[in-house]
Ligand code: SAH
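This document starts with one chain, in the form predicted alone, laid out as structure tokens.
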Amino acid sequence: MRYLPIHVDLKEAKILIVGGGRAAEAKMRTLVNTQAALIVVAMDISDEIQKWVSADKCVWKQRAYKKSDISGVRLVYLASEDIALDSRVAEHAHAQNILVNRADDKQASDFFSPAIIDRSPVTISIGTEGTSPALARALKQDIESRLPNNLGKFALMLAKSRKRLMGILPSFAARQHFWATLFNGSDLTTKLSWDEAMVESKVSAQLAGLDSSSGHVALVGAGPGDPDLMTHQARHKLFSADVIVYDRLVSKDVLGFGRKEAEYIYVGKNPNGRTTPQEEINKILVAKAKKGLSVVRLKGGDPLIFGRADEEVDVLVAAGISFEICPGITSAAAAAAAIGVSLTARGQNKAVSLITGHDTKGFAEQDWTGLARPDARAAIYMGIGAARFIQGRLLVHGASAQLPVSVVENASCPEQKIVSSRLGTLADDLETQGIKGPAILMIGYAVRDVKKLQLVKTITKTGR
């Protein structure tokens, strides 16, 4: 993100608009709705700007621009459509560290005017960093159609409750959690329709049930990496969390759903690197929950598949801490989708084994005889380092060297990579292709025809 969207207090702030034609008029349509002091410098002005002058929404100086016009100005809009003049004004403004917006010139602008949805005091701004104002306007139209007209009134009702909470919940973090919890769960559209009595009732009910001494832990599946594959439940839990304890495989985009005020604790287990012991993770969950905080234990994929959920739940139960488990899409499902195949297929396999390449003792032993059967299918997690071991075990127990194996690295992520291999060459293919992980070994699964697979990818991207 190159441009930071911020809301600036423009009450009585001087804003200079150089130019009086259509370009200046377009810039002013939003500005005239603010409380800024607008000054238009131009020899001629459009009929619409003349109306604003007559309505005392702006002041018109009917003359050429002077360097003194910059004095005391907060922002400058250049819309004279005279390149030399706009450049001269920009030079004067920058000499005094004044930000400049230049009509239809992204490179010469310090800031952009976003498309705005005005439900004062609620305002929603949509920007494209100057790349496509038309797209911003289209998004505005779509979002605006979804919002109730009384949204501003609703915000004012909440403002009254905020003042009330200041005395009841002196902690900023506690108030943040209160509001996050209030807006968590059911359809937001329904909540936006609450009247003042309903808002008061809901706030009172939540305060009545509030116990600052009891925390809560949610074991949440972050999915395979693509934030679009997160569940609504996972997003809601992240939004209302005070503390987010997350793993190495949780993507930055997924973490973005958490509140910026939350505490983020990294407890990743890095192969051949720094590892956070499970006992330390357990202590963190218990300690934070005992402070009365809402804790999210965020795991890549699904917390119930090789996520040590039982170990953490046992500790929470022993400590008397309430918990819940929020399932997520596991990486095996994302990998199957990536290669365009079903995990189970009629007439081929009645089951699929989800197994790990490593356990606490090293390479994990499995029912190799069963896995080597022609109709067996398996998705192997954490199997890259154990690939040669897995390959050898399956071959020794009768699996065909021609058995198809698909490897999907970073399933669902932008850097996703697919390798089509055979059991007999699996370990060598992984080395040749530079597969380091995280990756899923799809034993018995062949990548669907390239042309059909490309169609699957196209449909998937279009539907997102």
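Keep in mind that this is a model prediction, so the values were computed, not measured. Just count from 1 along the sequence shown to find any residue number.
The form predicted together with S-adenosyl-L-homocysteine is left out here; the points below concern that form.
With the partner left out here, S-adenosyl-L-homocysteine still marks one of 113-121, 300-308, 338-346, 137-145 in the model of the complex; by a 4.5 Å heavy atom cut-off that stretch is 300-308. When you look in the model of the complex, the only residue of 49, 411, 405, 430 with a non-hydrogen atom within 4.5 Å of S-adenosyl-L-homocysteine is 411. For the options 246, 381, 178, 154, the one in contact with S-adenosyl-L-homocysteine in the model of the complex, meaning a heavy atom within 4.5 Å, is 381.
Interface membership of residue 331, defined by any non-hydrogen atom within 4.5 Å of S-adenosyl-L-homocysteine in the model of the complex, is confirmed. Proximity of residue 439 to S-adenosyl-L-homocysteine in the model of the complex: non-hydrogen atoms within 4.5 Å are present.
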